[in-house]
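The chain below stands alone and is given in structure tokens; this is the form predicted on its own.
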Amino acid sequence: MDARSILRRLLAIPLLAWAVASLAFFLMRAAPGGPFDRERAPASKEVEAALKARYHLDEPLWRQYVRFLAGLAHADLGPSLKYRHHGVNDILAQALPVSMTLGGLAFAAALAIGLPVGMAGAVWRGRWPDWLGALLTMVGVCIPTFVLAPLAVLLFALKLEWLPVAGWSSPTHAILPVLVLGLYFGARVARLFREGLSEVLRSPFIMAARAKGVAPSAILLRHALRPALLPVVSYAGPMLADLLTGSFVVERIFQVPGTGAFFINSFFSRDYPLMVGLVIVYSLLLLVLNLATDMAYRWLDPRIRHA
């Protein structure tokens, strides 16, 4: 990928983020219900009207959209409608680093689990390491995180009492959520890497290298590893975006103060600014990581690099 195409992709990111944010803006307001439905009481119509006026929700939709774009141009996402006296920027500044820390650790754990298991399955295809790895990956793929997380709490926190149940106040609190996410995504990485490496090891250029007497370790590390990583790289971008913006279920179960709880609460409470802000962050991360994935993909595959 040359510098011109990278620049073109970078210039397209703000435009795509604006389109996604605008779509989220109108869809949230088209959904049934409102942010102040719970404020209603026998004599609270005046209170509801005052709240709408305070947050400019009594204005026409086009004027609200213009106000939203003006704030977006100054990187101001506005105040939260649910968390009073808190701006969306402040909430994101507090919650996003937690989710990104958890996501980064879980991403590293997924690669540390998935790549060795997938490599063992491809190298010893049809033998006991392959069968064992296939069993582990099948379990990891089939069991969702909302089942795996309580099982991990039951075993490691309640039965063995090795780790805390929930929270985010010490490094030990990160072990269980990182383990759950690492196993869940690591199973998918293992399957992709196993299939990719198995296909590469059956390629003609690998057979030619074997015929020339190249050592098996050199064949694996120098010739087969890079092309075998292509399926993993394709999956890594969206996976990392999901992890960095917070795994909603895991954060809720382990009481991690990341963006997951805010995303769910903002949807059900119709907190328009917070929901749109989270969508913008997610879309930006996804666009940037997809660009990084394409660059890594072209670096790993010379056929694409010189196309």
Partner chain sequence: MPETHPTTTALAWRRFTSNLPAVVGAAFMVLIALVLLAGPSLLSANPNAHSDAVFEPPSARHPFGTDIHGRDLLARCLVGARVSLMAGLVGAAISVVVGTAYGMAAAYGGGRIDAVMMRAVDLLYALPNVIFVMLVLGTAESAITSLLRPAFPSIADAARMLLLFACLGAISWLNMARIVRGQVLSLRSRPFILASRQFGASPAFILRRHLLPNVLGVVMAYATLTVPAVILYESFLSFLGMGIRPPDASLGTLIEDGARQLNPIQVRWWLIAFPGGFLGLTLLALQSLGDGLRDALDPEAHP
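Numbering follows the first chain given and starts at 1. All figures in this text were calculated on a predicted structure; none of them were measured in a lab.
Omitted here: the form predicted in complex with its partner chain. The next part is about that form.
- Within this chain, Pro116 is remote from the site of its partner chain in the predicted bound form, having no heavy atom within 4.5 Å.
- By the criterion of a heavy atom within 4.5 Å, Met28 is counted among the residues contacting its partner chain in the predicted bound form.
- Residue contact check for Leu230: one or more of its heavy atoms lie within 4.5 Å of its partner chain in the predicted bound form.
- When its partner chain is considered in the predicted bound form, Phe267 lines it closely, a heavy atom lying within 4.5 Å.
- Contacts of stretch 212-244 with its partner chain in the predicted bound form, defined by any heavy atom lying within 4.5 Å, are made by Leu230, Pro231, Ser234, Tyr235, Pro238, Asp242, listed in sequence order.
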